[in-house]
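What follows is one chain in structure tokens, specifically the form predicted alone.
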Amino acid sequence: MELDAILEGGSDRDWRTIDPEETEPVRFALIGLGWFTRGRVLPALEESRLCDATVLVSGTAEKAERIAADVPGARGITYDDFRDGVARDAYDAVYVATPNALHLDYVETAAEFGADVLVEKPMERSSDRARELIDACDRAGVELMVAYRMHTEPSVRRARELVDAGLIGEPTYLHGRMSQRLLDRVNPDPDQWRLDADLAGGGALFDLGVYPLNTARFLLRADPIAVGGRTRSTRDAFSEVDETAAFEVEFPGGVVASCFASHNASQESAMTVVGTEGAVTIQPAFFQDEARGLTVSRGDGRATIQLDPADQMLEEFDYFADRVRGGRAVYPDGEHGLVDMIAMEAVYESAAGGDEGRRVELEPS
């Protein structure tokens, strides 16, 4: 396959299987109305022809009703209302964007009600709780998708096509990084849930490191077989969780990915796959609202194209609806997300104790 043929449809929805004009939208209950849901998810659903936000769930009736007042046709209810089945006839699926350690509770309730589930990453605060989450959905026979928005990010999908087509030869090495200054640019509150080990499960690794880890898996179509890494924290606010994580992921065939994540470094993200005959780089890679640069090098040739920013949440929600309404299994599913949970816990194992950075083998998935 020629490079031009892959890149000319840079933003195409190659996953689409249904016609939005002939499909009933998937009605969502949004559980957790923090800044991400308000600033990213609700605007995306307003634009979607495949999804509607019909129920908004928060800790207080005042907050839920206040936000719902600006969403046509939506109803605001509390977490307790949701557990009691209030407004159950008003939604088909739930989106869970609470602190990590609360995902299981709401997913179990949604599954009991027969609602399909889109849950934010990481799936939970631990792999054991992630397994319980998967079991709850399996028992109820509902769909479970983990919100890895890079799977529907056009630049990442085009990069995987380039790798699949052999244009860079056999992959040998990957490098991925994602960093931001959490307290200075995102949320200055030192008591926020992301810095609470019981609620978050992990720090920069869980929040940011999951992006290069999972994107490497997506680009290679492979799962890790071993990891090793180090973590550090320099600010008092990060006394319970890692501020920075640097880790190495080993894949079958000797392919290695080096990854870096930090909550105390300048905002930056990139992903590179180096092959035996060339390389492909996405930069910036992971943050939203940024035009993507996709660079391909092979021999003496080098080409860079710019892809317009895609609304990553719109792509992700529409993909979920396409699968549910089209009767197709959703992916990435819970078992896929569990692999990341196990790998990240192994990075923490590697980083702990006197043998810091040692290689930890993973059980085959």
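In case it trips you up, residue 1 is the first one in the sequence shown, and so on. None of the values given here were measured: they were computed from a predicted structure.
Although not depicted, the form predicted in complex with another copy of the chain is the subject of the following passage.
- Of the residues given (Arg328, Arg66, Arg38, Arg302), Arg302 alone sits with a heavy atom within 4.5 Å of another copy of the chain in the model of the complex.
- Just one of Arg139, Arg221, Arg88, Arg232 comes within 4.5 Å of another copy of the chain in the model of the complex, counting any heavy atom, and that one is Arg232.
- Although another copy of the chain is omitted here, in the model of the complex none of Ser126, Pro190 and Asp236 has a heavy atom within 4.5 Å of it.
- Contact check for Thr276: a non-hydrogen atom falls within 4.5 Å of another copy of the chain in the model of the complex.
- Taking non-hydrogen atoms only, Thr78 never approaches another copy of the chain to within 4.5 angstroms in the model of the complex.
- The closest non-hydrogen atom of Glu108 lies beyond 4.5 Å of another copy of the chain in the model of the complex.
- Contact between Asp355 and another copy of the chain in the model of the complex is found at the 4.5 Å heavy atom cutoff.
- Residue heavy atoms within 4.5 Å of another copy of the chain in the model of the complex occur in exactly one stretch of 259 to 267, 205 to 213, 147 to 155, 110 to 118, and that stretch is 259 to 267.
- If you take 168 to 187 and check each residue for a heavy atom within 4.5 Å of another copy of the chain in the model of the complex, you get Thr172, Tyr173, His175, Arg177, Ser179, Arg181, Arg185, in sequence order.
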